[in-house]
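As C-alpha cells, one chain now follows by itself in the form predicted alone.
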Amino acid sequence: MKNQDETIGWSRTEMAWRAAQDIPDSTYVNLGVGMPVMVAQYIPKDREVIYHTENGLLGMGPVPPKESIDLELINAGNEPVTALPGSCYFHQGDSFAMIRGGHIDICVLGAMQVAENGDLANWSTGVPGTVPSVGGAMDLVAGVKRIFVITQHCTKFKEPKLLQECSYPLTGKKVVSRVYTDLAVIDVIDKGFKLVELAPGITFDYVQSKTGATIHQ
C-alpha cells in the first residue's frame, strides 16, 4: 500500500520495518494498535525486545495461528497474541503503574497530527458526534521515555499531518521524539522538525511541500 500519490515513498510494511531498525536491544516496548503493531515483525533477529501491553501482559508474543487462538489472551487492541516463555500477567492497575513510573523505554503510536514542538493529537478530531478513542495513549505519552509516531505524511484528503500547531485535541504536549512517515523519518528537536532520512525517490522539497511546518536539514 503506497501513500496518497500511490507511486512513491515507503509502503506501510516498509514504514514498520524502518521504525523497527531504531528500537535498541534489551528495551521494553509498547506498540499502539494498527500500523504500530506491525513494527514487532521487523525487529532484527539479534535484538531482544520485551513487549508490554497496557491490559496486563509483559512478554507478549506474535499473533498465533487461527487454530491456537485463545480469546482470553489479547493485546490492548483486542487482537489475539501469544505469551512468550518468561512472560507475566498482572492487574491493569499495575500495568499503568509501569507506564506512569517510567519503566517502558519506547512506545510506538499512530497519529492524526504532530506539531513541530512535539505535541501529539491521536485520539479525537473534536468533531461533535464522532467517537473518540483515548485508550492508554495519554498515560503512555506522559510516562514512556521515548515516543515514536508512525503515520502517513498526509491525510486521505492530502492535508499535512505534521504542522506548526495541532488543531485537534491533544493527547500530550511536547512528547514526540521521532516521526516515521511514508515520505521521511523526522526528528522533533528544540527548533522544530529535523530531517533524518528521506524515503527512496523522495526529495527534500517534496517533503517540505507536504508538511505544514518548516523542516530543518
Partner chain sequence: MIDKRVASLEAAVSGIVDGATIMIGGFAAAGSPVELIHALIDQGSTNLIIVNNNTGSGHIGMAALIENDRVKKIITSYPRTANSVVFPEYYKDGKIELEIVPQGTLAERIRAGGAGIPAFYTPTAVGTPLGEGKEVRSFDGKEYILEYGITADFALIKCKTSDRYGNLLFDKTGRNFGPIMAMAAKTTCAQTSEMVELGEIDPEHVVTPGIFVNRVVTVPKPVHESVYIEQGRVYP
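Fair warning: this is a prediction, and the values are worked out from it, not measured in the lab. Numbering follows the first chain given and starts at 1.
The same protein also has a form predicted together with the partner chain, omitted here; what follows describes it.
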Spell it out for me: taking the partner chain in the predicted bound form, does every residue among 85, 103 and 170 have a heavy atom no farther than 4.5 Å from it?
-> yes
Is residue 55 close to the partner chain in the predicted bound form, meaning a heavy atom pair under 4.5 Å apart or at it?
-> yes
Any non-hydrogen atom of residue 25 within 4.5 angstroms of the partner chain in the predicted bound form = yes
Exercise: residue 110 in contact with the partner chain in the predicted bound form, heavy atom 4.5 Å = no
Non-hydrogen atom contact residue 121 with the partner chain in the predicted bound form at 4.5 angstroms = no
Pick from 185 to 193, 34 to 42, 66 to 74, 152 to 160: which stretch has a heavy atom within 4.5 Å of the partner chain in the predicted bound form?
-> 66 to 74
